[in-house]
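Read the single chain below, which is given as structure tokens and is the form predicted alone.
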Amino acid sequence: MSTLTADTPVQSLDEILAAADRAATVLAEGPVGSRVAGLRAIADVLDGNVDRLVSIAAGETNLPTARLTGEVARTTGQLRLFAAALEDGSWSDVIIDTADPEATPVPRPDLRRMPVPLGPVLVFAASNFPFAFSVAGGDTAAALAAGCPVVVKAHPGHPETSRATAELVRSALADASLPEGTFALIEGVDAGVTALKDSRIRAGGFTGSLSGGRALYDIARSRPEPIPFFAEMGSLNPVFVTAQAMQARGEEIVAGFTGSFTLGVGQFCTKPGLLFLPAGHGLEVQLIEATQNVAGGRMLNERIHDAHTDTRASLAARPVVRTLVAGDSGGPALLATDVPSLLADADEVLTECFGPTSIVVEYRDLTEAVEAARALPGSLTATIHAEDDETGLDGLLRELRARAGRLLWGGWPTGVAVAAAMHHGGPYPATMDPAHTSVGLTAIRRFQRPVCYQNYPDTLLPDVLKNHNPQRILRRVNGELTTADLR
């Protein structure tokens, strides 16, 4: 397995940041069509080199080729989703309120609002998704779509994959005639920190551990001029099962849960880490058997394997926790407790164990389930398995809505659809900013800020704000969505 040991040299890093700074003005003022072409060019070149990329990644990450092939497709689909949104104008978020001298309580000036790119974005690539959350992943796609140059700090878990992908991205953007400096790859912890502190970087994105994300966020926010930093970090992703659902489809729930928490050797940020079952559920034997029947697998790297082993051992050693399946020889582990015990030791038990380990928690009634939900930290997802005609779940749903960015009714949280409506975020510690997402079209908003033009002559306005709307961009004009020209 390759490792990244050397930082990008200081002089090279300075040249990269200077080029990104120069490109920022060109991208911000250039036609949207150039961004569309760039995004599609990246998607095409990645698809055209999928076999080579997958081969490299399989050798570095222990991930199976089928998973990696699907991940490349997810990555290119995400790029094309942004390109399509830019092209049809649904990205624009343009709002125009024309002057109204008769408005009360005071006359209204002509106001025209649009988002503008923040400038160069520093993306810290993830370990567990060498394509979809890495060099050409969601953060890079969103930032480029926003009109921001991107500097990616490669993850040390897959350096050769990162370099190969970066070279393809650079060539694609050059072929699409985007300016030099639109994209670059840097390597090494020190180079990443140095870049984050540099005034030419105007925003950051991160996917990874709580400790890493929090440390980088603190750096970004402690700069003389703080910058936005979106970090996606730890998540427990609780699942609550009602008695009715358990009785109706207990075996199906056992199979779905086992498949979800062991998927990809448990190395998904959306892995269900807590399964809440009603007391007396009678599924313990099935849960044990299902978990034991899942073969162990190799984790992404030794560091992640060791961290999982240590966290799992720490959880299993808590007096309030008992072990159902120990997970020896790298296999999945299943622990158990109940709500009173969990609440008595919440600071320790409510710890993310990144890997194939989950905890079954018994609750006596819905009141106790709501009490448990109230104690949970922020998560990316929260799931309820119940029957459609059940009542009395309002309190539980209310608590879960306060603590998660995506609420599932049935199903399992692993798997994040690349779709316009997706929200992949949540309250801390899931992310540092629950208002934003790292998947879906609204991910672009992390790397833009609004600007309002008041009483500007039409000739000096950006094209999307002018009276004439030849591109037929969708705009909200005096409260109504329209593509028409203003008279």
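Sequential numbering from 1, following the sequence displayed. Everything quoted here is computed from the prediction, not taken from an experiment. Just so we're on the same page, rigid core means the largest C-alpha set that superposes within 1.5 Å between forms.
One more form of this protein exists, namely the form predicted in complex with another copy of the chain; it is left out here, but the text below deals with it.
Taking a 4.5 Å heavy atom cutoff to another copy of the chain in the predicted bound form, the contact residue among Arg401, His305, Arg163, Arg249 is Arg401. The contact residue chosen from Ala84, Leu397, Ala344, Ala316 relative to another copy of the chain in the predicted bound form is Leu397, the criterion being a non-hydrogen atom within 4.5 angstroms.
Using a 4.5 Å cut-off to another copy of the chain in the predicted bound form, each of Glu29, Arg113 and Arg214 places a heavy atom inside that distance. Residues of just one listed stretch (85-93, 323-331, 350-358, 163-171) have heavy atoms within 4.5 Å of another copy of the chain in the predicted bound form: 85-93.
When another copy of the chain is considered in the predicted bound form, Arg223 lines it closely, a heavy atom lying within 4.5 Å. Interface membership of Thr437, defined by any non-hydrogen atom within 4.5 Å of another copy of the chain in the predicted bound form, is confirmed. Within this chain, Arg364 is remote from the site of another copy of the chain in the predicted bound form, having no heavy atom within 4.5 Å. Among residues of the shown chain, Ala375 is not one whose heavy atoms approach another copy of the chain to within 4.5 Å in the predicted bound form. Taking a 4.5 Å heavy atom cutoff to another copy of the chain in the predicted bound form, the contacting residues in 405-433 are Gly405, Arg406, Leu407, Leu408, Trp409, Ala417, Ala419, Ala420, Ala421, Met422, His423, Pro427, Tyr428, Met432. Core-superposed comparison between this form and the one not shown: CA of Ala248 displaced by less than 2 Å. A movement of the C-alpha atom of Glu160 falling short of 2 angstroms is seen between this form and the one not shown when the two forms are aligned on their rigid core. With the core held fixed, Asp175 shows a CA shift below 2 Å between this form and the one not shown.
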